[in-house]
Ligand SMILES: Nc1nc2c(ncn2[C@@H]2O[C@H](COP(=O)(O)OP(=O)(O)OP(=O)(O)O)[C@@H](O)[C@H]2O)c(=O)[nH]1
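For reference, the chain that follows is the form predicted alone, supplied as structure tokens.
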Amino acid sequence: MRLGIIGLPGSGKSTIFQAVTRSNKGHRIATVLVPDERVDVLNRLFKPDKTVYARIEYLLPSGTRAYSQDGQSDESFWSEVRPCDALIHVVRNFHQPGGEAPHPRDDFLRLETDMIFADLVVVEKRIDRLDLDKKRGKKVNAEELLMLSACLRMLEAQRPLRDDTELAVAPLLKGYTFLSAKPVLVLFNNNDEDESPPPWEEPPELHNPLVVRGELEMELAGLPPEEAAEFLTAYHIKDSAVERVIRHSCSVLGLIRFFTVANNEVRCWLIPKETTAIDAAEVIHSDMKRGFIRAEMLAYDDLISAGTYQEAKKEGKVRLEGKAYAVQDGDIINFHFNV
């Protein structure tokens, strides 16, 4: 899974990227481990040779402007972001050098409007092409045209496509990689002393916004754990930006985690909610899906309650599930398959 970190110039998106990924300046893509105490517990219980945490990738676009000098959408900027699964929209909530006050709501809407406009351009071009094909007697996908027309109406009304869940995730429209259809995590970038979100009348209906003191967190990310812990306490930071942004990233993407304990390895996997057992098997290897027989399941909490896998089995907590079973967060799964 990849999230793109976007924001207006001066919002501090590069600072946030460095704070979250702990990457050196100049890096544009970074992969981070998803912290999970359950993996640590499983590691102590099973003592595997190898422990593998789930991973999330973050992208910082190389361009600095989402719009060109004439006010038109700059597709060269958005082209890097379009393949991302979700976006982190960094909004400035600190005074700039020289004393310029922040305008979070206006800044958010400015970039949001540009994404809507960029999508509108794509939709209009595609509809024009389909209409031309119809006039030439070519067969067009009527359902696709109908969906694009619905997108056009929303975008012309200045509404992001994510407002319509069915359109946002429609398989037929997936190839368009619409910007305004992507899930968005709004991140308010505050100064060192400010812990509060900005006052905002009529906020957009988005995932719960997150407040991060970017400059402070970037400095803390470069300190040894012991020193960083002291500063976290001093600044009343319960969880670091890394932990909070990763946690919110998984949430905005609608992801859950399951675990495998096999071949002397404990591993955590990320999958969307409601993923079936057979599709979860494919995340590990396509052969597992192709030869799927059944899945041996044990809930993490049941394992902890029993103490050992063997004891959980005696208590009847280990069960067999078929292809259609919806995997739950924390499931420990052993896939049975034959190819």
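None of the values given here were measured: they were computed from a predicted structure. Numbering starts at 1 and follows the sequence shown.
Keep in mind that the form predicted together with this ligand is not shown, yet the notes after this line are about it.
Engineer: Does this ligand, in the predicted bound form, lie within 4.5 angstroms of each residue among 8, 12 and 189, using heavy atoms as the measure?
Structural biologist: Judged in the predicted bound form, 8, 12 and 189 all sit within 4.5 Å of this ligand.
Engineer: Only one of 240-248, 93-101, 108-116, 152-160 gets a heavy atom within 4.5 Å of this ligand in the predicted bound form; which is it?
Structural biologist: Stretch 93-101 is the one.
Engineer: Consider residue 215 of the chain shown here, and say whether it contacts this ligand in the predicted bound form, taking contact as heavy atoms within 4.5 Å.
Structural biologist: The answer is yes: residue 215 has a heavy atom within 4.5 Å of this ligand.
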